[in-house]
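Have a look below at one chain only, the form predicted on its own, in structure tokens format.
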């Protein structure tokens, strides 16, 4: 763009000025990525409107509440005024043992007699403050959604590792954990297969099986999708990396019958996971299998140089080491980061 001026305002001399403005380079983040990120965080930032303005878990046995206005101490400080239950089990009421009301009467901390399952959303209601004949307001208590997604990932990766805590996929696990190179290749291939097959399984379950009431075909459809994914990976790997393909041998085909790769679609269907939760579960399951393979292969390479009794060489010592890893992974039980 050019700008011209004809006369100097101070000296009356004609002056020509020109300026060129270059178009700015677009360095913005794609709108689609931002939209997906905001949608993932939106449920975590949503707050209840009405009597309670903010809720959240403040401990293993505690729920903190912030009221929109000061409440009467004889009601807000009385444990019997609150009705609390897990959203999935509305018939099981959780006992509130103590209520700590703040001095300004605008917030309270509910203490429960038993530890809460903070992975599940809870519902809080105050029927004592509801006018007669009106519907009781309920307020949902849950963790931030991003933290919930990360908890699904960490749970499948460490806490509920499918190999060391559920003992699934052992045939492929013992067959491909002799060398670290083979273990890493199988781990990455398995993760790719399980993520792609889980996403396709979620799509078929949500948009085909559920609407047409074909849930009884779950296992058949899921195994077919897994077989399709494995066949695609088999064809690509045969052309791209023949050496790794030969190293896998028959175990690549056995991925189709791997218990882990069929367990993930069944879990996401049973828990009614959405797309983001399905992706985190499949990524955590694949990453957990990769971690288990790499740890086991590292030890088995060292055991080749160890003085092992002849009766324990091979598979027997491998089972013993796997059992020790399983005992070690029990230390992650009860881990709660979010």
Partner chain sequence: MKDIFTIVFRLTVACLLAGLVMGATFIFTDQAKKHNEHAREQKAMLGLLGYSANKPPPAGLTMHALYRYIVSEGREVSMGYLLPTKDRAFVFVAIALDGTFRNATPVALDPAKAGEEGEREKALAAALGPGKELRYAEQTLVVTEDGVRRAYLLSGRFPGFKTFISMLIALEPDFTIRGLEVMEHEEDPGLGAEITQDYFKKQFSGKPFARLKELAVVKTPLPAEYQQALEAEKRGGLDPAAAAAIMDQYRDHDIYALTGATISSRAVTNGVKAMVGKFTYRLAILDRVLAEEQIAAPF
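A quick note: this is a predicted structure, and the numbers were derived from the prediction, not measured. Positions refer to the first chain, counted from 1. So that the term is clear: the rigid core is the largest set of C-alpha atoms that superpose within 1.5 Å between two forms.
Form predicted together with the partner chain: not shown, discussed below.
Visitor: Using a 4.5 Å heavy atom cut-off, which stretch among 243-251, 104-112, 209-217, 72-80 contacts the partner chain in the predicted complex?
Guide: That would be stretch 209-217.
Visitor: Taking heavy atoms and a 4.5 Å cut-off, does residue 92 contact the partner chain in the predicted complex?
Guide: The answer is yes: residue 92 has a heavy atom within 4.5 Å of the partner chain.
Visitor: If you check in the predicted complex, is residue 236 within 4.5 Å of the partner chain, heavy atoms only?
Guide: Answer no; every heavy atom of residue 236 is more than 4.5 Å from the partner chain in the predicted complex.
Visitor: Using the partner position in the predicted complex, report whether residue 98 sits within 4.5 Å of the partner chain, counting heavy atoms only.
Guide: Looking in the predicted complex, residue contacts with the partner chain do not include residue 98, since no heavy atom lies within 4.5 Å.
Visitor: I'd like to know if residue 135 sits close to the partner chain in the predicted complex, meaning any non-hydrogen atom pair within 4.5 angstroms.
Guide: The answer is yes: residue 135 has a heavy atom within 4.5 Å of the partner chain.
Visitor: Quick one: name the residues from 60-87 with any non-hydrogen atom within 4.5 angstroms of the partner chain in the predicted complex.
Guide: 86, 87 sit within 4.5 Å of the partner.
Visitor: Quick one: core overlaid, is residue 60 moving 2 Å or more at the Cα between this form and the one not shown?
Guide: Comparing forms between this form and the one not shown, the residue 60 CA shifts at least 2 Å.
Visitor: Honestly, after the rigid core fit, is residue 204 moving at least 2 Å at Cα between this form and the one not shown?
Guide: Superposed on the core, residue 204 moves its C-alpha less than 2 Å between this form and the one not shown.
Visitor: Relative to the superposed rigid core, does the CA atom of residue 167 travel 2 Å or more between this form and the one not shown?
Guide: Residue 167 C-alpha, core-superposed: shift of less than 2 Å.
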